[in-house]
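Given next, in structure tokens, is a single chain: the form predicted alone.
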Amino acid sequence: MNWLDRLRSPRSEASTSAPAIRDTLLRWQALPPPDLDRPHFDARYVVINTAATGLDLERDRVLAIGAIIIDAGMIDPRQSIYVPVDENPADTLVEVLHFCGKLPRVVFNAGFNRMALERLWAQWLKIEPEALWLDLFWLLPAVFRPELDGPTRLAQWMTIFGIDTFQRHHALGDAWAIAQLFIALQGHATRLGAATARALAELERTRRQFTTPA
């Protein structure tokens, strides 16, 4: 058993039938919204990441999705999911949606990951799930305030924090690294006064408004 086997949970044996997908969507829609004012040490987030053939939303396609739950500032490897995206991914996509619930979603590079996932959900499930997305591409420099020519790539931030993972450029492997970065960010952001998901969202909004990425 390798690192990936130990980290990811066994995939559920969900039915591929349309009624099963519909029932899962109805249960997801009935979930209550998350409390965005709950402090990080008492909150749950889901880190979500994709592996794709490239980063062009018009030409490239998603190959796999990985996600990990962060609960009260801790990563629980038992609460993770890794699913390949095949040519008929409705069942896979509803499984990911069910796993994420309505938790705030943490990504690195929402410009690709969020857009790609929302396109897939819209195309195959005919829904546009509403959720709060937090993008570490913007939040890491907003919280740690590097020089203007500071890091912009995931690999650079991993080097700065000495973070490693069991497999780079893998949907779940990079999600594992992003989750560790988010935990580091939570502690520093709390000391700066951004102690909740809502406060992080406002911090990201301000960073986006006043910064032009390199």
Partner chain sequence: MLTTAPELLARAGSDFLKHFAPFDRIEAEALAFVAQRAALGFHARGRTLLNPDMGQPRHLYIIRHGTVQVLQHVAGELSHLTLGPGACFPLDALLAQSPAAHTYIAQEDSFIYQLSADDFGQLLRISPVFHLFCTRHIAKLLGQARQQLQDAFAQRAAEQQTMTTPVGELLKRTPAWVSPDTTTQAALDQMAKLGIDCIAVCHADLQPVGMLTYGELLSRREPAAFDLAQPVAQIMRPAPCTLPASALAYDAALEMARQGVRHLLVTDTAGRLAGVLSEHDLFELQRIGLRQVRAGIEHATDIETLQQAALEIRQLALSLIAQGIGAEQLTRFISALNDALTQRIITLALTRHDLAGLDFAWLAFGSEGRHEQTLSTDQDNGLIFVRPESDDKDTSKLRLLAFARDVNQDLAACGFPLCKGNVMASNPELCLTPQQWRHRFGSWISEPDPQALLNASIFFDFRVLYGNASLGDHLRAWLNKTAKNNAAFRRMMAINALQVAPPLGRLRDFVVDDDGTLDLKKTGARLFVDAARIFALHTGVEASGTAQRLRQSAEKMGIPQTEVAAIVDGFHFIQSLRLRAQNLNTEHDAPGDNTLRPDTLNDLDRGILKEAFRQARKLQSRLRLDYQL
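Numbering follows the first chain given and starts at 1. Keep in mind that this is a model prediction, so the values were computed, not measured.
The same protein also exists as the form predicted in complex with the partner chain; that form is not shown, yet it is the one meant from here on.
### Task
Considering the partner chain in the predicted bound form, find the one stretch among 77 to 85, 126 to 134, 105 to 113, 90 to 98 with heavy atoms no farther than 4.5 Å from it.
It is 77 to 85 that comes within 4.5 Å of the partner.
### Query
Can you pick the one in 63, 184, 155, 31 that has a heavy atom within 4.5 Å of the partner chain in the predicted bound form?
Spelling it out, the residue with a heavy atom inside the cut-off is 184.
### Query
Can residue 42 be called a contact residue for the partner chain in the predicted bound form at 4.5 Å between heavy atoms?
Contact with the partner chain, no.
#### Entry: Proximity of residue 164 to the partner chain in the predicted bound form, heavy atoms at 4.5 Å
Residue 164: contacts the partner chain in the predicted bound form.
### Query
According to a 4.5 angstroms non-hydrogen atom cut-off, is residue 46 in contact with the partner chain in the predicted bound form?
No, no contact at 4.5 Å.
### Query
Going by a heavy atom distance of 4.5 Å, is residue 188 a contact of the partner chain in the predicted bound form?
Answer yes; at least one heavy atom of residue 188 falls within 4.5 Å of the partner chain in the predicted bound form.
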